[in-house]
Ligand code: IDC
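Encoded as structure tokens, the following chain is the form predicted alone, with no partner shown.
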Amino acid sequence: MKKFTKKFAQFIIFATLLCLCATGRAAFSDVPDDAWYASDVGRMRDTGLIAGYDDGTFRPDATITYAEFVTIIKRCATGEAQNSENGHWAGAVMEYAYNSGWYDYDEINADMYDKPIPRYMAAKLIALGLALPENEHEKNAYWEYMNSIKDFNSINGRYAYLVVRCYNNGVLNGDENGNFNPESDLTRAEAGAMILRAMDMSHTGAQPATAPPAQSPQSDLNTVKGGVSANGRLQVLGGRLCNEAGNPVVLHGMSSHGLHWFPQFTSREYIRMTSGSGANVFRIAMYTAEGGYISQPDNVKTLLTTAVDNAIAEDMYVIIDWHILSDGNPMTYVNQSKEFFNEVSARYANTPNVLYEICNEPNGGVSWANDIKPYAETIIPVIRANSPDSIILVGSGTWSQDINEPADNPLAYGNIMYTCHFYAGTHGQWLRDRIDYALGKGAPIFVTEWGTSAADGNGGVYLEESARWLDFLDSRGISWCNWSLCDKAESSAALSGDGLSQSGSFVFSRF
């Protein structure tokens, strides 16, 4: 019977772990004394972190599961990892890890506990579970490793900054070709080596080598605000959103929720309330699927044009948002999109207020090169035929978080901006670093949707992280729209009862 997961030996305090001989024998029949991992396996056995199998083997090349890996991390972090009496043997440990913020609700579920853990997830669990130290060199290190890790662009941005933290603390070294291989399974030998290196960094106070200086993009902060009467038709110059006179401008405002669900909050009264608080842009989220435009085009189009006209009447810039979500590939309804944008761009051809967001949040494994860029190259000429100078906003993969992809492979049109979406309870420094990367490439960025909650609209309100995000956007002159102006029973909603919610009060104070 396998003992690795169910019969841990008595755990010994961390001081003992750190004082053990680094060249001790592994004492497993299938671990040669000269194997690169022999010392690490020996240390883990001697401290009770592993016990191997009944046949005296360790099986170093076998994969390690989510449950096994998290259990070792918890034992390292707390000194104990009690098995569950009911359900999965590691259920209590996994619950502890989730409640401690080591992973998010959409990353690991019970069906995955006994599946092999990929390297990107192991990096996250080590960095957070063992509290790898952040230091003043980490930001520079991010730029260094972006260039030195050969397959850096294959690392999901949600994990990239934690992978860098592991590299920066000496926990990861990459393979012989300089790749991280984020999706590959982790072997038991690799897991032991990573965990022990992380333990040494977490508890000895050792500092990694200083990363070489790197240049991060700086913003010209002399931006102006104001509505359409003050700024006229917008344009993109030098990677920045500018007004008609060529001066950098920022737009701050609200996004509606689904137009066909909450049309009442796109009335002129509510848009005037938003404008009166200092906002100068209003985004109209017209869902395509979920019972929206595709199901009832005439009705939803009427709601949309009414909302657009309300915003125009209040001197607001207004974003017409083709809000794909469950239809994650924008090519799914490309023909309907062409017809829609041809009609609305003709209607508002001479109206400087209107910006066009042609694909809200591509998702479901679609890529910029294969799906999103070809879609944009189909839709942009349709709009340009009617409105040659309007601002067109284009999303990116993974719910508009893969902003690095259009930065590396931009569209060959003028007055284009790329959208990035975030939620303060889910998305952190890794996405801010990704924005900086895109800015450094000269990509114009507009945050057309962000929330004070977690990505599902609930949780929080995360005001401290929201403030950190808005300070970041302000420092780079990036425009934004908050999700969302409605009274839906979720923490991201800006309205509650007859007034502003906690989220709404915070957001309106930042216009």
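Quick note: we count residues from 1 along the sequence shown, nothing fancier. These numbers come from a predicted model, not from an experiment.
There is another form of this protein, the form predicted in complex with the ligand, and it is not shown here; the text below is about that form.
Look at 317-325, 74-82, 176-184, 267-275: in the predicted complex, residues with non-hydrogen atoms within 4.5 angstroms of the ligand sit in 317-325.
Contact annotation: Y98 falls outside 4.5 Å of the ligand in the predicted complex, judged by heavy atom distances.
In the predicted complex, the ligand lies farther than 4.5 Å from every heavy atom of R165. Heavy atoms of Y423 reach within 4.5 Å of the ligand in the predicted complex, making it an interface residue. In the predicted complex, the ligand lies within 4.5 Å of some heavy atom of D456.
None of D371, E190, E361, D433 but one reaches within 4.5 angstroms of the ligand in the predicted complex through a heavy atom, and that residue is E361. Exactly one listed residue, out of Y356, Y159, Y348, Y287, brings a non-hydrogen atom to within 4.5 Å of the ligand in the predicted complex: Y287. Heavy atoms closer than or equal to 4.5 Å to the ligand in the predicted complex belong, across 257-277, to the residues H257, W261, ordered by sequence position.
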